[in-house]
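Shown next as structure tokens: one chain only, the form predicted on its own.
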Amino acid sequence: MDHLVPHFIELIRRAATDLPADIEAALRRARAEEEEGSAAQTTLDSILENVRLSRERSTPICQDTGTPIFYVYYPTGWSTLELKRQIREAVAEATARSYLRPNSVDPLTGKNPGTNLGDDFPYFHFEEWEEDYLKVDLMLKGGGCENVGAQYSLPDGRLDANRDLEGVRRAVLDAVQQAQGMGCAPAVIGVAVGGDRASSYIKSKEQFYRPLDDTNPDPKLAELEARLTREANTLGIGPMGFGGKTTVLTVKIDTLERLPASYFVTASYMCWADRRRTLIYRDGKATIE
């Protein structure tokens, strides 16, 4: 297998320091919609200036560089053990270069190894596919926004939410309302309907890899995504919880098969620093999107 560590380091650097174009464009549109001189507009000005400086200086967009989550799609015959070894080496080197802050802490001892290498840290998902090239999707999931994710088991009498899309709508709006400013809005909300408790959380986070302007192939879910985005932005929470018109940038929804006894709705929250990048390695050449 080729030596890919330098490419993985660059993938991490780009994810940590260079906000994707669709996220930045959405933040700029949000700024234009807020009242002139308002706390919301001033907050978005600060966010956008931070985005500019981080890109210019190759410094982290946020001091919490999050949990690195890698989705690795590899051709037949590639070694997942070797891919994992090289990515972990790249994570340690990226930490040494300060693209990542040393975040991982042992839950029992509180010890920080200083390398971002621990048990299941970073997190990997490997999938063999029929393509002849390697694709690696990376997401950096911050701790503050992770804290305000929520899971609901429907029916929920408190919300008068039944096992239908209206119940899903009520659950998601409640999750956004409960998050207030703690998740560092404006947010991207990833939603999963169905599955078990674990798979529902995983599927909800996978929505963060979707471009902001894509359209859900299921017309009912596409309609619900658009409605939830509109309605969440009437809650008045606004950027960083200071009030305003932009509480979420978008809502993305997917579904999983479920057991008859369970109907989970999971809403994962991604802060404005929606840090994601993709590495494509084909014929000895690497590109990062």
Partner chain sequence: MATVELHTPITEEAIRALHVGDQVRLYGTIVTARDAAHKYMKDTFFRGPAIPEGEQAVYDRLRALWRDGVMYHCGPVVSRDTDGRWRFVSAGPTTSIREEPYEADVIAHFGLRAVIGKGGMGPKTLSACQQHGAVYLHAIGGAATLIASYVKEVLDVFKKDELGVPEAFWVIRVEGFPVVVTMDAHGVSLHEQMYEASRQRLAALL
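Residue numbers count along the first chain shown, from 1. Computed from a predicted structure; not experimentally measured.
One more form of this protein, predicted in complex with the partner chain, exists but is not displayed; see below.
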Interface stretch in the predicted bound form with the partner chain - options 217-225, 250-258, 53-61, 24-32, non-hydrogen atom within 4.5 Å: 53-61
Heavy atom within 4.5 Å of the partner chain in the predicted bound form, from candidates Lys111, Arg85, Arg163, His125, belongs to Lys111
Looking at Ser199, Gln151, Ser79, Ser98, which has any heavy atom no more than 4.5 Å from the partner chain in the predicted bound form? Ser98
Even though the partner isn't displayed, in the predicted bound form is Arg210 close enough to the partner chain, meaning a heavy atom within 4.5 Å? no
Looking in the predicted bound form, any heavy atom of Glu36 within 4.5 Å of the partner chain? no
Does Ile69 reach the partner chain in the predicted bound form if we count a contact as any heavy atom within 4.5 Å? no
Partner proximity in the predicted bound form: Glu206 to the partner chain, non-hydrogen atom cutoff 4.5 Å: no
Interface residues of 221-243 toward the partner chain, as seen in the predicted bound form [heavy atoms, 4.5 Å]: Glu231, Thr234, Leu235, Gly236, Ile237, Met240, Gly241, Phe242, Gly243
